[in-house]
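One chain comes next, on its own, written out as structure tokens in the form predicted on its own.
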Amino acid sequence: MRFCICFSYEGTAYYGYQRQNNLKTIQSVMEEALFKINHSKKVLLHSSGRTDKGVHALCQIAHCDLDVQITPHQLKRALNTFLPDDIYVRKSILVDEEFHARYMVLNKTYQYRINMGEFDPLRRRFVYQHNYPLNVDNMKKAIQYFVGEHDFRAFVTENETKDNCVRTIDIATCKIDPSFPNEVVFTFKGKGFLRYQVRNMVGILIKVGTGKISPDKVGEILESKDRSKNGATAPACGLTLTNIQLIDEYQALLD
């Protein structure tokens, strides 16, 4: 039986999503819980993608195959019984054998939050505490350079420079959160993102916001395809994977 699982997590205490030897990750903790449910048989959890150390998720999608007879509701309840409080399964659905969490994704949405006001200890795990004013109007101009299909080589890690770095961003916005007027929220929506891409894009936008570079400079750096011309990576705590949209037939089951 193959199940699609939608779950949330706070990434602060984890070394990212992907399983790593002798390190606590979201995948390893999830698979430990599934192992118990699957009568002590190993279970592989396949996700829509990985998040880095300290990054959060409101909606992560994964699938797994289980040998036990269990309903989706029972699986959700069992997982939430075994999982720690910083991981929560929101929904579980039964899917066919053709379903794959990585290849059935239409788009992903990430948000990055920055506090421009005084330090807020209650939001320090979820918002980057910049604690200085930023020029939001200039950042709004600069973020538009990321919209569309581009080679994002200047905004990925050096060890990925030989890979295909062409990606398409459908939506990129910069707004003040009316509920938290000192917080600026960057939203990026696209089919897929490269490692550290969002945090590197935010890093350069912060430079724009502080007046270190002009908005037009972002377009120049993007076109240069030169990672050394950027060099800024925003802290992980401000980044959250907020939504994953699956192809219609499976998204309808999750909604």
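Worth saying up front: this structure is predicted, and the values here are computed from it rather than measured. When you see a residue number, it is the position in the sequence shown, counting from 1.
Keep in mind the form predicted in complex with another copy of the chain is missing from the figure; the text below concerns it.
From the list 134 to 142, 149 to 157, 117 to 125, 96 to 104, the contact stretch for another copy of the chain in the predicted complex under a 4.5 Å heavy atom rule is 117 to 125. I87 is the sole member of L79, C165, A172, I87 with a non-hydrogen atom within 4.5 Å of another copy of the chain in the predicted complex. Between another copy of the chain and the residues I26, I204, I61, A57, the one pair within 4.5 Å by heavy atoms in the predicted complex involves A57.
The closest heavy atom approach of Q251 to another copy of the chain in the predicted complex falls outside 4.5 Å. Residue contact with another copy of the chain in the predicted complex: T240 places a heavy atom within 4.5 Å of it. Although the partner is absent here, Y17 sits far enough away that none of its heavy atoms falls within 4.5 Å of another copy of the chain in the predicted complex. Residues of 2 to 17 placing a heavy atom within 4.5 Å of another copy of the chain in the predicted complex, in sequence order: S8, Y9, E10.
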